[in-house]
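Shown below, as structure tokens, is a lone chain in the form predicted on its own; questions about how it binds or moves come after it.
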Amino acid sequence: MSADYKEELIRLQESGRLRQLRPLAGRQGCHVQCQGKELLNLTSNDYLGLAGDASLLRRFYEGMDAGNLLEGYGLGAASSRLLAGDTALAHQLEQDLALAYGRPAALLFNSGYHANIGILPALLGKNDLILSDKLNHASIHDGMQLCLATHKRFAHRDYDQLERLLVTHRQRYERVVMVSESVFSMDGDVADLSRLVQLKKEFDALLYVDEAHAVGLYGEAGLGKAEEQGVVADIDLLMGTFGKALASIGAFVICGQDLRDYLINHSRSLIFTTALPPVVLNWNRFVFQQQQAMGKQRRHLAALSLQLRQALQQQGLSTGGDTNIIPLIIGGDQETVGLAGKLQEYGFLIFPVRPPAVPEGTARFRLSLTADMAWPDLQGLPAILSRELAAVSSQGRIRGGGTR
């Protein structure tokens, strides 16, 4: 049997799809050390630059003393929340979240993955239907696989097709849930939440929105695209994470009180896992409060992202989306791996993104900008990319000039 696994690993290596762990060190803001070389980190989800902000971390730990060492900074919850792992800190954080969003309740999960695999199976059964954007995150697809409900996928951001599915199928099911990310993690484009809300109301459906890549970056208080588009009150289940712009770990769902209580009793990924430790809960509460006043960082990141996208386009490179996630589709797996290595020689940490994380034939660079970057960090990148892609294209390895 082990020989079968070895053969599969060889096949992945030969096709350019073998994944490996790469330890990084020496983080200084948006720069990291990789194999002894300092690189600009264009692969991180640390969108506000908080994970690399040593001064912010020092401010957090200034609150630690002998009296709150265990309750506020302890490292072990040692139990699930439904046993002995629940804390006042967890409830305070949930109250902070519910108050900020102006909604009845919030519930913590250990990660966005835990939330997405735990919410849908808990709430839906065999008489229900899930309608999911085809490019939703893998954790949403896994949650649907664990669920007894029927699920169907609609073409990416094709709300006319979604409406046709609702017309055809709504009356056959007790509950219908529409599921979408707000900012799509690999394409950097944005869902039309207002259209989804309109369909939810017209067809008496529920709306589940994953804001993992939007929390901290959009809206006056950094609550995400739902805040920016003015539809927070109309979303039944709004999931956000602490693991990206908020520089931590953990996730939350904003919802009604009845849904919160139901999830506490039925969501297996909540019930059967050890709770987040006090130090994480305390940091999450601290950083969530801090980010609400970071409008300057949000505006800087938006302007920087637009500047890089325009510079890439001036070099004849096609990009997608309109957020700080800038995809540059290469196409072939081996070519993308090779180009990523070449760019690291120039000082840019860019890892290749390949199937199954993205559709076949769309291996890419996912350029992820963070608020602690400045234009001098990035200004040489467009010309380098153009030159290196042209070199590969001239060798006939990328059809259509290297990008699409």
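What you see is a predicted model; the values in this text were computed from it and never measured. One-based numbering along the sequence shown.
There is also a form predicted together with a small molecule; it is not shown, and the following applies to it.
Every residue in Y113, S185 and T241 with a non-hydrogen atom within 4.5 Å of the small molecule in the predicted bound form? Every residue of the spot touches the small molecule in the predicted bound form.
Considering the small molecule in the predicted bound form, find the one stretch among 253 to 261, 137 to 145, 218 to 226, 69 to 77 with heavy atoms no farther than 4.5 Å from it. Contact criterion met by 137 to 145 only.
Which residue among L120, L107, A212, L281 has a heavy atom within 4.5 angstroms of the small molecule in the predicted bound form? Answer to the contact question: A212.
In the predicted bound form, is there a heavy atom of the small molecule that lies within 4.5 Å of any heavy atom of D133, even though the partner is absent here? Because no heavy atom of D133 falls inside 4.5 Å of the small molecule in the predicted bound form, the answer is no.
I'd like to check something about E181: if you look in the predicted bound form, is any of its heavy atoms closer than or equal to 4.5 Å to a heavy atom of the small molecule? Answer yes; at least one heavy atom of E181 falls within 4.5 Å of the small molecule in the predicted bound form.
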